[in-house]
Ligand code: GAL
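One chain comes next, on its own, written out as structure tokens in the form predicted on its own.
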């Protein structure tokens, strides 16, 4: 395991560079990331390149044996570029150019921006592509799907639609544009979703395609940069850093041509008072590992309280700096890079705290980071190990965005049931992969398939085959609702999955922030929220019933034997108890060994390889935990990680 830091030499006087590098080496830092926002320092005037400062800082780190990740600086073009080419600035939904006082304001499609972006990337990679200190490249920074509304992007969107559909008539049929007299008669009538209207007021088929285009467009931008880097820096790894942003691209396709996944990991510093709230970043980490189904990097890790576009958050509690980093390791991270080495003294992010506060005096958080680095030095046995899982949760970019387009009921969001099932299986000590619905299912015993709202015919066929051959499938409410064009399927829910579930939905009730009483078949009580599918069990066995409202006594959860396999259908959104019991039942049916009786928020994961298994036990809460595991009493401090061979 390697620990690193994000460093911004352009922010600091040169007199700090060597002392900083010396302290990094003494602390145990193995890698630094630099350059991501420094275009104006690399090219202060059009065509005048000043890389000497970058040469110097790379050499300083190289002399101390600290590896460098260099970033392409294209997230923040210099203001002279925007002055010369104002059309390079993104256009917002209101049709106006966005303000350039922030980062990420470039249009991915503007030809002038792309010309200068290619040039700076080419110059950088030609200069440093074979530098032995530079081990990897990061493309841009925290890229989002391209929601730009300029004339160039409108043209690219129309081009994307022409390639997909061929004719206007085909688009009208796919979108159902006969509603509200929305039929196009020419390509010029197709415009992006301008204005302040909620997206739910617009045609949902059109909106889903716009998001698909926006994601594809960003992916093309990544490919452009990747090609230049690989030409000038063969043999070096290439990545980009992602996070859960407003306009999320398709993560799985984003990384198809890249070497590894990088994630910016900022777990909460304030543990929620509501015991039902899902806050563990184990879910995010497993999703990142599932993108390429291989180990990954953290390119930005929590180092202090956050504060920029919102008031400052609480500072990390004792144990969080080390514990959250080791949690990332436990879920498949091989390198964890902390944001940032020191807190900025200027700019909008000056209160997004780094390891060193504005005092420049190492404090509690820095000493904990130092302890983390020392611990990482002892973990050589983990090298070459990986996460092997019997359980996978299916994630779909289309489903995630479709829930944003048309919110189903108050408080309901796509990720929740994915997170609840994830928490349930990890609380039983199981590794969990979160994979794209197009990925192979071959290595899994249990597939959790929450809210498969958009129907992908290939995925439907493979889920049937997986269950028929003996696998366990867990489906939930809002599955089979829409076809691939985001139009409702005119059949009883769950439509294409009905034969698997052995049950169908007689009626549904979106109860939003209301509740409903539930009862397991053995009489144990539980609570449901948000959504109630009132089920009719045909071949399926009801295992949870509604115990209030006008559908009292009707099935809420069923389980069905489907050829050699088993298919669950969860008709409501329950409290965590519901998911814990269903996970335990599924593991028992699959004959998969698991841990029972772990306290809430204790996460147990295992990395395997080189003939060994290494178990990670993480106490992801602010209370001491005492419990028994394998006949041994375990006592854990808040946010403590125990590692057992």
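Residue numbers count along the first chain shown, from 1. All figures in this text were calculated on a predicted structure; none of them were measured in a lab.
The next section is about a form of this same protein that is not shown, the form predicted together with the named molecule.
Taken together, the three residues 165, 401 and 455 lack any non-hydrogen atom within 4.5 angstroms of the named molecule in the predicted bound form. Under a 4.5 angstroms non-hydrogen atom cutoff, the named molecule in the predicted bound form lacks residue 216 among its neighbouring residues. The named molecule is not drawn, but in the predicted bound form it has a heavy atom within 4.5 Å of residue 141. Though the partner is left out of this view, residue 173 does not reach within 4.5 Å of the named molecule in the predicted bound form, counting heavy atoms only.
Mapping the unseen interface onto this chain, residue 108 falls outside it, with no heavy atom inside 4.5 Å of the named molecule in the predicted bound form. Here the chain stands by itself, but in the predicted bound form one stretch of 148 to 156, 496 to 504, 429 to 437, 258 to 266, 258 to 266, has heavy atoms within 4.5 Å of the named molecule. With the partner omitted here, the residue from 103, 231, 223, 364 that has a non-hydrogen atom within 4.5 angstroms of the named molecule in the predicted bound form is 103. In summary, among the residues 180, 309, 550, 197, the only one with a non-hydrogen atom within 4.5 Å of the named molecule in the predicted bound form is 309.
Taking a 4.5 Å heavy atom cutoff to the named molecule in the predicted bound form, the one contacting residue in 287 to 305 is 300.
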